[in-house]
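This document starts with one chain, in the form predicted alone, laid out as structure tokens.
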């Protein structure tokens, strides 16, 4: 009764693995380590090194580990870079998902929790994004996530596949000091790297229609995100009916200036961010409602912004200390 976590050596995937371990559910990781790190995989959890484009490897993993369901977190996750690398993005996120679903279907694995993205909405014309908000992805990355959701839906109609997708905006923090966000594009690691490099973090735009003039976005702790994936997997395993997709969001959001202030407090580094011109296309506010996930999955946000940033700082400092 083992679950396979694709991308299981990544920042999010490894948190999902550890959440499975905590729940007493056997799990195995599949990761090509292109961005993941083998030491993120918890002790006692098998790591199968390889790509989800390798159907034979997926088939062997399913058979050898008696896989009953898949949490699919693998993919090319850089929305901005995807604009310059659309074919690579489509190959990894669409073709990779198609091959994974094909192997699952051939081997009788009928449950999937898909790690989707709020990028499927693009720049929504709504202060509060719900699952019914129009989908208008603004990048190949967002498009690939939406197409992957369509693949799940189509196979679900044609077979016994039971599935759900989790959509979220900005994932931050760490539930374990030895796992950190290494993305070169996400706000929090960019700020932390600037501070440890002796540079000044930057804010793009201070004239937005928000309380403090900086963009408001939704941030959730990676530990809460991992818990949602496991709750969805357990619900599917128990035969409960789930919606095709759930937003994971705070319903309120935080401004970039608030994030900076929190990092200043938890890090003890006194800095004043440089303010630059706003970037084209950045909306004032994008926040998601997590009400449906709360209703069906029992999902809640358990971390304050201060706790999110403190956990990110601890993991970042631990990673620096472990670097030769």
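Numbering follows the first chain given and starts at 1. Just so it is clear, the model here is predicted, and its values are computed rather than measured.
The following text describes the form predicted together with a small molecule, which does not appear among the structures shown.
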Where, among 159 to 167, 97 to 105, 84 to 92, 111 to 119, do residues come within 4.5 Å of the small molecule in the predicted complex by heavy atom distance?
111 to 119
Partner-contacting position among 147, 155, 126, 79 - heavy atom within 4.5 Å of the small molecule in the predicted complex
79
Contact with the small molecule in the predicted complex, heavy atom within 4.5 Å, among 231, 245, 190, 175 goes to 190
Might residue 180 be said to contact the small molecule in the predicted complex, defining contact as any heavy atom within 4.5 Å?
no
With the partner left out of view, is residue 215 within 4.5 angstroms of the small molecule in the predicted complex by any non-hydrogen atom?
yes
Please run the contact check for residue 287 against the small molecule in the predicted complex: heavy atoms, 4.5 angstroms, yes or no?
no
Under a 4.5 Å heavy atom criterion, is residue 220 part of the interface with the small molecule in the predicted complex?
no
